[in-house]
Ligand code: 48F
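So this first bit is one chain, no partners, the form predicted on its own, shown in structure tokens.
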């Protein structure tokens, strides 16, 4: 089979990429919600936030989706999800298998793909290779978080001195996982918040799942925690490769923000 490609000049390729990306960055400079981390809780939150009509951007420091989902349990390609989180799987049309009453299994790659597609189809913008290294705040009692400070991950890892940029937002959600990166920097740099990230406890799956969802919420005005960032903040147990709590935490934080910003209850 003979194919005839359209001849494209190298400068045209560069101009197209830079021009279109720059247009989108101008638009992203002010947004409704910044979700930090494209793992299970972050992608789930983005789905429901964007579906509600909130302008949502997800910043992911790596060049891929999924967070801790991709590794499954010790690289086995399956995850466990328990009730009532299968409702979220049904909403995003993610195939799953019932193992026993209230317990289900799903392929790691399938769940990652379905969550990412769900967020994008809902209207969220996901940007790879961006690290949130600081927050933007305004004084008050307590202070309010009004955005994030971002840098290319490649700049951070190379330890080059390059000034970052700021993105304004009405709500910021830390879904960065075990290190709670956004919470850690905010609580360290704004001592008036009176909190600290102590890190999670050892494993207790059932208790961890329950407490992660229960304690998901607003940490200070404008700054929210979901997923394993909750465990790091409140020093609750870790749960391993069971992800129902992660999905439900993402939905809960979205519901809280939707109610706060739009006055709607889901």
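Being a predicted model, the structure only gives us computed values, none of them experimental. Residue numbers count along the first chain shown, from 1.
Just so it is clear, the following notes concern the form predicted together with the ligand, a form of the same protein that is not shown.
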From the list 57, 69, 50, 211, which entry has a heavy atom within 4.5 Å of the ligand in the predicted bound form? 69
Just to confirm, with a 4.5 Å cut-off on non-hydrogen atoms, which of 132, 187, 92, 116 contacts the ligand in the predicted bound form? 132
Just to confirm the contact call: exactly one of 21-29, 8-16, 254-262, 241-249 touches the ligand in the predicted bound form at a 4.5 Å heavy atom cutoff, so which is it? 241-249
Taking heavy atoms only, is residue 62 within 4.5 angstroms of the ligand in the predicted bound form? yes
Residue 46: touches the ligand in the predicted bound form, heavy atom cutoff 4.5 angstroms: no
Taking heavy atoms and a 4.5 Å cut-off, does residue 228 contact the ligand in the predicted bound form? yes
Taking heavy atoms only, is residue 177 within 4.5 angstroms of the ligand in the predicted bound form? yes
Sequence-ordered list of residues in 30-54 near the ligand in the predicted bound form, where near means a heavy atom within 4.5 Å: 36, 37, 38, 39, 40, 41, 42
